[in-house]
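In the form predicted on its own, a lone chain appears below as structure tokens.
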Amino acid sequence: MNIVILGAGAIGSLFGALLSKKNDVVLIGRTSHVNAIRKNGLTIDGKTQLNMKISAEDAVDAVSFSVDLLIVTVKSYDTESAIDQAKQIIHNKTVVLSLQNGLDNIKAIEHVVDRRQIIVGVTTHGAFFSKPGCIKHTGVGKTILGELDGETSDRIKNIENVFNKSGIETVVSKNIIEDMWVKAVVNSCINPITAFFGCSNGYLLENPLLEKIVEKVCLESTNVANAYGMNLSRQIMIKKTKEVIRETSENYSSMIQSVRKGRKTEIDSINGVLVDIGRTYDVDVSLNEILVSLVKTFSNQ
């Protein structure tokens, strides 16, 4: 399969490296990262140990093959501009997979790509950028893929097979929208709190006060999800959030990584969207509002 990773940061580079074992893969990333890969290869350490040559470019117009699968891993706030730039390599049989945080990516991709070409994925793998050309794989997780309409199509089964053969444990969901919401609720609890307090995921359960905040944010975010049309158990979501925290205890969230690098965070696409939806349905979103304000003030957004 001919695969392009659009936004080869930590997760994008990790998935690109694994998929390149059995597929033709091109990474599209920042110039410094691309130059380092061209010079020394892509290095993955931690849970996965690899050093490999892989095609890397800093612009989509350098892609020379017909793209079967475009995996979008850019930050949510860059989705629409990135897809607009990539439209020259998207043909009518290209499948576009959003493997991103946030709740507003599908809408952004639809501005450029026919909805029927879009699929969604969520993953619990943890990774961070050590330096250009080097990725640390901090946690092995699971990946879920799904069609927007819940159909178990031939193409989604084919992509599931490609992922599994490459060592990315993957299953197909019949309700990927709900899975996306579950991840958004979990992220709404973990990302902003770790970003503000500068801590690892695991510390959220080591500190009794932070654990209580996590629980209260989870309840509020779950209420928003259910008002929007999901059917999530509040207690199961608290349990799920704590499970993710334990499984990724050594990880530092993508939001804290952005703060440390002085970059824009995805707070608007996670907690910010929850605030907007909550207001629409007259759901109390005071905790999410506070988190949005804190992270924006702290990160100078």
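What we label the rigid core is the largest C-alpha set whose atoms superpose within 1.5 Å from one form to the other. If you're wondering where the values come from, they're calculated on a predicted model, not measured in any experiment. In this text, residue numbers run from 1 along the sequence as written.
In what follows, reference is made to the form predicted in complex with a small molecule, a form of this protein that is not presented.
Taking the partner from elsewhere, Ser76 is found to have a heavy atom lying within 4.5 Å of the small molecule in the predicted complex.
For Ile28, a non-hydrogen atom is located within 4.5 Å of the small molecule in the predicted complex, even though that partner is not displayed. Proximity of Ala8 to the small molecule in the predicted complex falls within the 4.5 Å heavy atom cutoff. By the criterion of a heavy atom within 4.5 Å, Asn201 is excluded from the residues contacting the small molecule in the predicted complex. This chain lacks the partner; the member of Val95, Leu145, Ala127, Ala184 within 4.5 angstroms of the small molecule in the predicted complex by a non-hydrogen atom is Ala127. Checked against the small molecule in the predicted complex, the residues Ser166, Ser173, Gln85, Asn226 give one hit for a heavy atom within 4.5 Å, which is Gln85. Listed stretches are 226 to 234, 99 to 107, 147 to 155, 205 to 213; the contact stretch with the small molecule in the predicted complex is 99 to 107, by a heavy atom cutoff of 4.5 Å. Once the rigid core is used as the reference frame, the Cα position of Ser269 differs between the shown form and the other one by less than 2 Å.
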